[in-house]
Each structure stands twice: as C-alpha cells, then as structure tokens.
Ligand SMILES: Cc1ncc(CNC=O)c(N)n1
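In structure tokens, one chain follows: the form predicted alone.
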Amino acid sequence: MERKDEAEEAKSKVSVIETWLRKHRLLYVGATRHPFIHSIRDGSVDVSSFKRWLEQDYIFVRAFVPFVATVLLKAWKESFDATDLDVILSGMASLNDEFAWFNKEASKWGVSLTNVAPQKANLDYCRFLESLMSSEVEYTVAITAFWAIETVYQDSFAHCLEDGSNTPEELRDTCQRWGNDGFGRYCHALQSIAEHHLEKASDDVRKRTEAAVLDVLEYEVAFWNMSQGDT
C-alpha cells in the first residue's frame, strides 16, 4: 500500500517546468498565441510581415547554431546522462536542412537573405543567446532555455495547423516546419532533459533558469512584434 501511495504521489507531482508555465501563463500565451501567429492561423497575415519575419528569423538561426553548439559542449561536460548528446545532436543535424529551407522560401517569396540588417529586437535576442554561451552559465540553464526557444515555435506553429484554422496554403509548409508531430516529440525530449537536471539543481540555479525562461518568452514576444512592424 505504501509503495502504491508513493507511486501515485510521484505521478501527481507537478514538474518544475509545468509549475513555471502555470505561474507565468499569461506570458507563455503571449509568446505562443501572439497576434502574428493568429494572423497566420486565420489567414489575415500581411505578406510584408511574413517576409520580415523570414528575413529576421534567418539571421536569428545563424546566431542559434553556435548557441546550440555550446549547449552540446556543456552537455558533454556536465550531463549525467549520455543520451542528452543524442537529442541535442539530432537538433543540430536538422539545422542544416533549416538553412536550405530558408533559402527555398526566400526564393519563393522574392526575399534576399544577403545583407539583411538585423532589427533591434533581433539583435537583443541574439545578444541574449550569446550571453548563454558563457562557460559560467550552467548546463541546466542553457538546456532549459534551449527547450523554451524550440517549444515556443512548436506550440505556435502547431496552433496554425489545428482543425478549424484558415492558414493560407502557401504558409502551411512554414507551419509544418515547426508544428509537426516529430518536432513536438523533439521538444518533449528536450523538456525531459531539462526536468531531470532541474530536479537535481540548487535553488540558486533554478532561479537563474526560471529567469532565463522568462527572458526567452519576452524576447519571443518582441520578435513577433517586430515581425508585424511594431517597434
């Protein structure tokens, strides 16, 4: 009976990340159900906004690559589970395909990805990524921020693929890129890694990790705002 009670207690226990998502629900919803995302879902998106997002996101992904590389290095040095490397490597491998996708989309929309000037929201976000590359930033902080960045996109674009959406046919490939089930499973794998390390982390590391997640959500909102032309 005692073992059964313990099992039920473990099953009902709310994870650290789930606790944060509930605590900061409004900010999370703001990042994943932003008006820019709603405009894609309901078919009212302005083409110039989408093109701006495409250009700026390409710049962001170029900064994202070295960030992911440092997460991989931190995992190699600090992780207590060798399978972490496999999950992170799978994400890195997909980034090469992502660049090919950006080039294809840019050609389709008549967008030039060369000599694009990063806007302030993008620069701020990229500087934040760079700050996470420091050797002083713990793996727990970095991998959880990594999870948050990927999950915002997965949750946002999956919303545009749900039943009842009016996402334009020419944007469905974009939504499928990050909203597909496979990417969803990848995000869940990242969350599991983050959770395992958060369970063993000190209160101080947990506080810094929570702050990093909130930063990600705020930068994501600013990025969507920028895509719509807001400053």
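Everything numeric in this text was worked out from a predicted model, so none of it was measured. Numbering starts at 1 and runs along the sequence shown.
There is another form of this protein, the form predicted together with the ligand, and it is not shown here; the text below is about that form.
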| query | finding |
| --- | --- |
| Interface segment, criterion being heavy atoms within 4.5 Å of the ligand in the model of the complex, picked from 75-83, 109-117, 95-103, 135-143 | 95-103 |
| Proximity to the ligand in the model of the complex, single hit among Leu171, Val61, Ala189, Val205 (heavy atom within 4.5 Å) | Val61 |
| Contact test in the model of the complex: Phe36 vs the ligand, heavy atoms, 4.5 Å | no |
| Any non-hydrogen atom of Phe128 within 4.5 angstroms of the ligand in the model of the complex | no |
| Heavy atom of Trp20 within 4.5 Å of the ligand in the model of the complex | no |
| The ligand contact at Ile149 in the model of the complex, heavy atom, 4.5 Å | yes |
| Residues in 215-229 with any heavy atom within 4.5 Å of the ligand in the model of the complex | Glu220, Phe223 |
